[in-house]
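Just the one chain here, laid out as structure tokens, in the form predicted on its own.
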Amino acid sequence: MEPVAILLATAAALLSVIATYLAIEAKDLLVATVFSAVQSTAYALMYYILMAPDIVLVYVPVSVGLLPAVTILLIKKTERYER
């Protein structure tokens, strides 16, 4: 791997860890869903850097698009803030 690819993968991994922590600590479920989508985007970037485009083609629509959309619909039907 090229050094630039290694740096991008490292930055994406660090971003995913930070986004995961922020999603766990968020009391607002909508904000937690956004952080979860950011974490999924970082994972998709890592898959792309690791040259797995077939996984990216499936992972992006499901984990970045469909999962947050369904979660937001579920949050609308319940309470937005965690007690």
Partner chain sequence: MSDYFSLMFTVVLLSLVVNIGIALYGIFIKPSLVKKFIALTIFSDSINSFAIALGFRRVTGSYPGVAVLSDVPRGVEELRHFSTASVDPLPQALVLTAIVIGLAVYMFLTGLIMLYYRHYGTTRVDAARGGSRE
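Residue numbers count along the first chain shown, from 1. None of the values given here were measured: they were computed from a predicted structure.
Keep in mind that the form predicted together with its partner chain is missing from the display, and what follows is about it.
Engineer: Under a 4.5 Å heavy atom criterion, is L29 part of the interface with its partner chain in the predicted bound form?
Structural biologist: Result yes; L29 sits at the interface with its partner chain in the predicted bound form.
Engineer: Would V38 count as touching its partner chain in the predicted bound form under a 4.5 Å heavy atom rule?
Structural biologist: Answer no; every heavy atom of V38 is more than 4.5 Å from its partner chain in the predicted bound form.
Engineer: In the predicted bound form, which residues of 1-33 put a heavy atom within 4.5 Å of its partner chain?
Structural biologist: Heavy-atom contacts within 4.5 Å come from M1, E2, P3, A5, I6, L7, A9, T10, A13, L14, S16, V17, T20, Y21, A23, I24, E25, A26, L29, A32, T33.
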